[in-house]
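In C-alpha cells, one chain follows: the form predicted alone.
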C-alpha cells in the first residue's frame, strides 16, 4: 500500500504545488478570523455569513463580467518594448484583480447587510430566537444565490459546482501575466497578510472585546464596533477565498482549524498560531489525499475508473479528520486521556480498598486468605501487583500482609473513612450501612487538609459511629 501511495504521488507537478499553496493560503486566511468567531461563540454567524454573501457575489460577478467585456471591446493595442508590454500587462492584471475583489467585496457586503436586516426582522416579527432566524435567512439566501447562478450562468463563467467546490484544480492556469503566479494565490496571500497584520495591531482590543465586553465598554472601546469590524474582515476573507476554493472549504476553514487548535491549547497566542498552521496542513494533506486515496480505496472495493476527487472537498475532509484526531488524542482533554485517567483512578481506588481491607483485618485479628476475598477484576489484580512491587504489602503463605509503609497509607485511608462516617452521622439521620457505603466512595478523595477540618469540626473524635477506633494522624 505504501508503494502504491508513493507511486501515485510520484506524478506530483508544479501545478499540484500551486494548488496546494493556494488552498493553504486560503485556509490560513480563513482560520484567523474564524478563531475570533469561535472565541466569541459566533461560529454559526461565520457559517451564515459565508452562505448569505452568495447572492451579492453572484450579482457583482455578473456586473463585473459585463464591464470587463465592454472594456475588452474598447481596448487598444499596447505598443512599446517587450519589457514595457510585460510591465503594463502585469500592472493591468494587478489593477483588474484589485478591481475584481473590490467589486465582489461590495456585493458581498451589501448581501451581508441585507441578511443581517432580515435576521433582525424575522427575529422580531416571527418571535424566533436569533439562531433560528439566522438559519432561515442564510439557507434561503444561499439557495437564492444558486438559483441566480442557474438563471444567468450563460452570461458569465460561473456555475454551481464552482461555487460549491471551488476552482482549485484549474487555479494554477489563471496566472498573473509575466509572473507565472496564480491570481488566486496572490489574492489569498494578500488576505492572509492583511488578517495577520490586523491581529497583530489590534490584538489587545480584540482580546478585551472578546473576553470582557463590559470592561471594554468601560474603557471607551466599543465592543459593537469591534464585532462589526470582525464581520467585515470575515466577509472580505470569504470573498477572497470564495472564487478559488468554493463554499465548502470556506465554511470548513473558518471554524474547524480554530476548533482543533482550541482542543490543543488554552493560550490565546498559541491558538492564533496553531489554527492557521492546522489549516495549512489540512489543505496540503487534502490535495495529497485527493490524488491518492480515491484510487487506492475505490480499486479495492471494485469501483474502477475513479482516480481522484475534488481537492477542496478533500481538504475539508482532511481538516475534519485532524479535528477528530485532536478530539481523541489531545493530551489535555482527549478521549484517550480521559480513558487513561479513568482507568488510573479505578486502579488507585482498588489499591486503597485493598490496603483498607488488610488494615481492618489486622484490627480484627482474623486470618482468612485476603486474595480470595478481593473482587476478581482487572483493577484489583493490577492494584495488588503494584502494591507488591512497591513494597506496601507482602505475600505470605496464606495471606497478604501490610508492610510498615503500607500500614501507614492504610491507616490514613481508614482515618478518612471513619471521619466521614462521623461527619455524616452528626449532620444526617442515616442508618449505619448507608454511612459505610457513602464513606467507601468519599474516603478516596479526602486530602490531609480536609481531614484536619473534619476532625476539628467533630472535636477530634477517637471513635466512629460503629464504635471503631479512628486512627490518629499519620506522621
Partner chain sequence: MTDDNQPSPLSIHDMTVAYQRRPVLWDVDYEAPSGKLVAIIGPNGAGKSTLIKAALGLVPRASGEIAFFGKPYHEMRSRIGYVPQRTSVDWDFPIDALGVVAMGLYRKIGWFQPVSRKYRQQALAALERVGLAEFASRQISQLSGGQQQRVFLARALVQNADLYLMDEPFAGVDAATERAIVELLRELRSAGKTALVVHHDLQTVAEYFDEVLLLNMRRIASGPVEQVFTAENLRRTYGGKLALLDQVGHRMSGK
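As the structure is a computational prediction, the values presented were derived from the model and not from experiment. Positions refer to the first chain, counted from 1.
What comes next is about the form predicted together with its partner chain, which is not displayed.
With respect to its partner chain in the model of the complex, the three residues 208, 217 and 266 uniformly fall within 4.5 angstroms at the level of their nearest heavy atom. When you look in the model of the complex, the only residue of 430, 62, 450, 39 with a non-hydrogen atom within 4.5 Å of its partner chain is 39. A heavy atom within 4.5 Å of its partner chain in the model of the complex is found for exactly one of 129, 212, 404, 363: 212. Although the partner is absent here, residue 202 sits close enough that one of its heavy atoms falls within 4.5 Å of its partner chain in the model of the complex. Heavy atoms of residue 386 never reach within 4.5 Å of its partner chain in the model of the complex, leaving it off the interface. For the chain shown alone, residue 271 is a contact residue for its partner chain in the model of the complex, at least one non-hydrogen atom being within 4.5 angstroms. Under a 4.5 angstroms non-hydrogen atom cutoff, its partner chain in the model of the complex has residue 221 among its neighbouring residues. In plain terms, the part of the chain that comes close to its partner chain in the model of the complex, with a heavy atom within 4.5 Å, is 39-47 out of 438-446, 415-423, 39-47, 22-30.
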